[in-house]
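Starting off, we have a lone chain in the form predicted on its own, written out as C-alpha cells.
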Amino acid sequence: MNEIFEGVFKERGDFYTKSLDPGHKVYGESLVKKSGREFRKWNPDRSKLAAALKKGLDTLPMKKGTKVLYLGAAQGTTPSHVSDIVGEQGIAYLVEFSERAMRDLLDICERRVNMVPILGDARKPTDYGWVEDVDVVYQDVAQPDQVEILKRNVDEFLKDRGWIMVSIKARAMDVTREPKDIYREVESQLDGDFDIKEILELDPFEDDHCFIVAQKV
C-alpha cells in the first residue's frame, strides 16, 4: 500500500487506515492484511472525510500524536479512522448530543484507548471545558448555526495556528438556497479568522455537501 498521508494508505483507488484494534470492524468495513499489519478500508459513502480524500484532498492536518476535538461524532464511523491515524500517542475527544448514537459510540471507545466519548451539546463547549487544547477541531454538525458552533469551540479549545476540518451540509443551513451560495457564505464567515486551504464539494458521495480545511490565523 502507498502511504499518501501519515497513517492514511491508498491501493487501487481505495483508502485505508492501519487498524488500532485488529480483528474488529466498526461499521462492516473490509479488513485487509498486508505485511503482518491489518488495514481497514475507508468507505467514502459512509464517511465525509473519506469522501474528501476521494475528491482529491491535499491537506490532512492529522498524524500520529495529533489531538482532535470531534464535534458530531455520531456512531463513530469516521472517528474510528481518526483514531487509527492519530494512534495511541494522540487522542480524539468525541462530542455527541444523541444518547442513541452515544450507545454505539461507547462500544467502540471501550476498545480504543485514544477515543474519549462526551455526551454533550456542541453549542455549550464550557460544559466539557475540561478538554485540553487541541491541534484540530473537526466538525460534522448539520445545523443552521454551524459556523457559530464551530467558532465557540475554536475559541475554547483550538491551539494557536491549529486547524479546522468542517463538513457543511447546505440543506441543513437553508433548504431554499443554492448550495454553492451557502458554501461561499460560509467561506466569507470564516475568512479573516482562518486561512482556508481547501473547499471540496463531496458529490456524488454526499449530495449538497462541501468539506473545508483551514488553519487558524
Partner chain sequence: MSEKSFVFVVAGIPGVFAFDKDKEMVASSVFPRDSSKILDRLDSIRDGEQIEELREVVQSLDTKNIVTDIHMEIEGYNVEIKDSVSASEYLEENMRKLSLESGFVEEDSQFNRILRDIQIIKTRKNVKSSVKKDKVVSQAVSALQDLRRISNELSERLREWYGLYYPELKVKGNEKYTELVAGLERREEFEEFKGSMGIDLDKRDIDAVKGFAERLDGIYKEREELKKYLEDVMKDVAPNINHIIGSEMGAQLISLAGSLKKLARMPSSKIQLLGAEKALFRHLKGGGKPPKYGIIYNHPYIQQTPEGKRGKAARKIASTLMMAARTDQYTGKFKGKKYKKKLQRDLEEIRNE
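As the structure is a prediction and not an experimental result, all values here were calculated from the model. Positions refer to the first chain, counted from 1.
Just so you know, the form predicted in complex with the partner chain exists too; it's not on screen, but the next bit is about it.
- Distance criterion of 4.5 Å from any heavy atom to the partner chain in the model of the complex singles out Met102 from the list Val136, Leu71, Met102, Val82.
- Between the partner chain and the residues Arg171, Lys33, Arg46, Lys180, the one pair within 4.5 Å by heavy atoms in the model of the complex involves Arg171.
- Remark: Met115 counts among the residues lining the partner chain in the model of the complex, judged by a heavy atom distance of 4.5 Å or less.
- Using a 4.5 angstroms threshold between heavy atoms, Gln89 counts as touching the partner chain in the model of the complex.
- Contact between Asp145 and the partner chain in the model of the complex is not found at the 4.5 Å heavy atom cutoff.
- Lys54 falls outside the set of residues with a heavy atom inside 4.5 Å of the partner chain in the model of the complex.
- Taking a 4.5 Å heavy atom cutoff to the partner chain in the model of the complex, the contacting residues in 109-133 are Cys109, Glu110, Arg111, Arg112, Val113, Met115, Val116, Pro117, Ile118, Leu119, Gly129, Trp130, Glu132.
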